[in-house]
Structure formats: structure tokens, C-alpha cells
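Form predicted alone, single chain, as C-alpha cells, below.
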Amino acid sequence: MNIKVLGPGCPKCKTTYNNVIEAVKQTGIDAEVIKIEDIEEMMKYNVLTTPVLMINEVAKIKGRVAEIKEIKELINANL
């Protein structure tokens, strides 16, 4: 599974990234977690609000902090 957090490094983006790491740890899945902070790289995904949580190249949550429970549900739905 490929999980990306897009955001310029703001507190919300950092919290979302940390929540993703914790959710992956709790579910025990094998996932590649990438944090993208480069504005040009983020623009390739055509996002206007951050943070963005992407699972397998699909934007799942935009513009708000994703909670651990919610991330775990998304991970399980995409297994």
C-alpha cells in the first residue's frame, strides 16, 4: 500500500503524517508512507487545500487533519 501526505509542513500536515504513521503501526500492514512538502510536487496532484491524505494515488481526505481511527478505516477499506 502506498500512502502519501501532501502539505507544506504546517502543524496540520505534521499531525496528519504522525496519525498515518500511528494508524499503519496499529493495523500492522506493510505500507510505504511518504510526506510530500515540495510545492511543485504537490501541484502535480492538483490539490488546493492541505493536508491531503492519499492512499494508492487516490485523494481520500483534503483540507483537514485525518484522525487515526478514520485512517485505519480507510486503510482497511483499501486492502
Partner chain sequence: METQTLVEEKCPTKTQGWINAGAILVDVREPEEVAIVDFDVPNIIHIPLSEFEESYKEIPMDKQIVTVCENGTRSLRAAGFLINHGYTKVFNMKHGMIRWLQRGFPAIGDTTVPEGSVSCCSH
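Keep in mind that what you see is a predicted model, and the values were worked out from it rather than measured. Residue numbers count along the first chain shown, from 1.
The form predicted together with its partner chain exists for this protein as well; it is not shown, and the discussion that follows is about that form.
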_Considering non-hydrogen atoms and a 4.5 Å limit, does its partner chain approach residue 29 in the predicted complex?_
no
*Could you confirm whether residue 43 comes within 4.5 Å of its partner chain in the predicted complex, counting heavy atoms only?*
yes
*Please check if residue 25 has a heavy atom lying within 4.5 Å of any heavy atom of its partner chain in the predicted complex.*
no
*Determine whether any heavy atom of residue 47 comes within 4.5 Å of a heavy atom of its partner chain in the predicted complex, and answer yes or no.*
yes
*asked:* Under the 4.5 Å heavy atom criterion, name the residues of 17-39 that approach its partner chain in the predicted complex, in sequence order.
replied: 38, 39
